[in-house]
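Shown below, as structure tokens, is a lone chain in the form predicted on its own; questions about how it binds or moves come after it.
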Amino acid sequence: MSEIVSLFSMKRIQLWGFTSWFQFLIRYRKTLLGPAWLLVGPIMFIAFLGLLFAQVGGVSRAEFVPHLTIGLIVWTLISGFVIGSTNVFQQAKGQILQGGIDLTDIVMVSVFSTIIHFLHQIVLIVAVFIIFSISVTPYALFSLVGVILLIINGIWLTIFFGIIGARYRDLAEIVQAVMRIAFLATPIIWMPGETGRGGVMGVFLVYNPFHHFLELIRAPLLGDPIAPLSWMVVLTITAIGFILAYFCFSRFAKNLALWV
């Protein structure tokens, strides 16, 4: 218990936050728009697909655009954890070889960096809600639970995929290919609905874990109920994931200096 308390002490949390924020500022310091570039791509994507796919799917823009916006922004958080985790230790090769930083600090700085990017894009969700006059009820607070659970899963993903990715460099390419397919297979740019809008629905979504993580966040914001199955899938993945990450870290962490 004392080790857990020391791991998440205020001093270390401040270290993770400051380091990730500093890296974030360095990345955009010589750009004209700075961090605003994080909004340019999603705005163009939402504006174009919001007009096109709403017509193709036969739904109103007021229904489709919020669905698309929340799905896209949450997907950036999901993909940030998954894709970023595969080379997190490789990028910190110098620090690992010097032995001047704890491996958990590397993991948490990566997690915090992904969260910072996500927070900058939340403004798009707020803007869409204002434009389409979508009312937010207290039930929407359940989406915070979904975000917290997603971040918690981002921690074990970064540990597990980070170690595997350090040993097998092909993992990064495999994960990127899988995530491209997963984006299309997840109801982000299409709506399953009760009438089959989007062409994919039913049992297919049951086996898509990204759908369940997404629904825990999007459903409360849009006033839709969360399926009990989504809670079961997310909590099960969270428990199993931390068990895998724990054994993987305990067994292979000492080999990272040789693998990177």
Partner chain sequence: MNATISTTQPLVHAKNICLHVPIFKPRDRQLLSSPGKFLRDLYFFRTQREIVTILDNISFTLHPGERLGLIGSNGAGKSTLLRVIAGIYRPSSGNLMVNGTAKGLFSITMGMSPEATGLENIYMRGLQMGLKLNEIKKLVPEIVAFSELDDAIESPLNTYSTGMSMRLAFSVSTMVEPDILLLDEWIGTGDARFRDKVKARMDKLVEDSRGLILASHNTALMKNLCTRGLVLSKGKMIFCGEIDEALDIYANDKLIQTKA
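This structure is a prediction, so every number in the text was calculated from the model and none was measured. Positions refer to the first chain, counted from 1.
Although it is not shown, the form predicted together with its partner chain is what the next lines describe.
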query: Contact check for Ile43, Ile134 and Gly223 against its partner chain in the predicted complex, heavy atom at 4.5 Å; finding: no
query: Proximity to its partner chain in the predicted complex, single hit among Leu97, Leu119, Leu144, Ile174 (heavy atom within 4.5 Å); finding: Leu97
query: Its partner chain contact at Leu15 in the predicted complex, heavy atom, 4.5 Å; finding: yes
query: Thr238 within 4.5 Å of its partner chain in the predicted complex, heavy atoms; finding: no
query: Its partner chain contact in the predicted complex: Ile101, any heavy atom under 4.5 Å; finding: yes
query: Its partner chain contact in the predicted complex: Phe247, any heavy atom under 4.5 Å; finding: no
query: Per-stretch contact check against its partner chain in the predicted complex, the hit in 154-162, 180-188, 68-76, 88-96 (non-hydrogen atom, 4.5 angstroms); finding: 88-96
